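Take a look at this single chain, the form predicted alone, given in structure tokens.
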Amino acid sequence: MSVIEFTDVALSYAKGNQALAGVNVLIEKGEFVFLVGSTGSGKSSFLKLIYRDELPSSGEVYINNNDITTLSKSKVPYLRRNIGVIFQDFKLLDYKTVFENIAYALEVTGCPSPEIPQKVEDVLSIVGLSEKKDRLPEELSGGEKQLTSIARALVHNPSILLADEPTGNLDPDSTWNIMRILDFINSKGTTVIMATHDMNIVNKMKKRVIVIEGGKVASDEGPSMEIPELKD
């Protein structure tokens, strides 16, 4: 069963800068997919189309067989409740604790207040931050900030998890802790798509790999593929 489908998708930004061209991709429910390519290849644009941060210049993007390119603005928040997003720069609120940052993601979508504490505690347990729930972001390491970001992305129990260079600023130990958590989340049925430069991760994890070059899909291979280091 397909969960994400790109049909002849192109995306151009202002001044004619083309980010994607002629992209056709089908991702099945429960897959773990690495999206790789050099800086500026179109990886982030690919992810932005999935959570409707951008609209394609042409073509269609389907999520669970629904064409989200025609989705009204009022329905976009409902789409995003089923899609968790993790960013390289965390995007945490500096004045809120770990617990409050995660709870806020529920508050802004109208989750009933009595349900929020338990939902937050559950995802804190998954990422191993229960003992640091009262810390502010400035009191956390880079790895702990990213774990908070992951917990926030998971708190809605999304069917799709998008990760845009989630380990880009982390040390090796933190990186592999993040990857273990993402692999665990995927094992529970969540579809995971991760954009990365780190070919060490890609080659060790043995997952499907989509390579994007110049805005086009250069290759789309199964877990036996080994990708060489990319040149920026």
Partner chain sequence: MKGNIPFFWRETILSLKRNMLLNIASASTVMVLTFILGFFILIVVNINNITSQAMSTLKVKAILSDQLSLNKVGQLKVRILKIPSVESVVYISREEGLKKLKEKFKGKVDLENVPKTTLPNILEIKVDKPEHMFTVADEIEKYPGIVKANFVEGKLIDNLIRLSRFIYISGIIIIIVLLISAVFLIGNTIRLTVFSRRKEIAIMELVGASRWFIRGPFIIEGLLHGVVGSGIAVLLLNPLYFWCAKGILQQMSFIPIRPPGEVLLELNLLLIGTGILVATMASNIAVNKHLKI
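Because the structure is predicted, anything quoted here is derived from the model rather than measured. Residue numbers count along the first chain shown, from 1.
The form predicted in complex with its partner chain exists for this protein as well; it is not shown, and the discussion that follows is about that form.
Problem - Whether Phe87, Lys96 and Tyr104 all lie within 4.5 angstroms of its partner chain in the predicted complex by heavy atom - result: Yes: each residue has a heavy atom within 4.5 Å of the partner.
Handout entry: Listed residue that, although its partner chain is not shown, lies within 4.5 Å of it in the predicted complex (heavy atoms), from Pro77, Gly143, Gly128, Pro117
Key = Contact residue from the list: Pro77.
Practice task
Name the stretch, out of 59-67, 46-54, 29-37, 183-191, where some heavy atom lies within 4.5 Å of its partner chain in the predicted complex.
Solution key: After filtering at 4.5 Å, what remains is 46-54.
Problem - its partner chain contact at Lys132 in the predicted complex, heavy atom, 4.5 Å - result: Although its partner chain is absent here, Lys132 would stay clear of it in the predicted complex, with no heavy atoms inside 4.5 Å.
Problem - Touches its partner chain in the predicted complex: Leu124 (any heavy atom, 4.5 Å) - result: It does not: once its partner chain is placed as it appears in the predicted complex, Leu124 has no heavy atom within 4.5 Å of it.
Problem - Contact flag, Thr109 vs its partner chain in the predicted complex, heavy atom cut 4.5 Å - result: Answer yes; at least one heavy atom of Thr109 falls within 4.5 Å of its partner chain in the predicted complex.
Handout entry: Contact label in the predicted complex: Leu161 to its partner chain, heavy atom within 4.5 Å
Key = It does not: once its partner chain is placed as it appears in the predicted complex, Leu161 has no heavy atom within 4.5 Å of it.
Handout entry: Contacts with its partner chain in the predicted complex - residues in 163-179 whose heavy atoms fall within 4.5 Å
Key = The stretch 163-179, when checked against its partner chain in the predicted complex, contributes no residue at the 4.5 Å heavy-atom cut-off.
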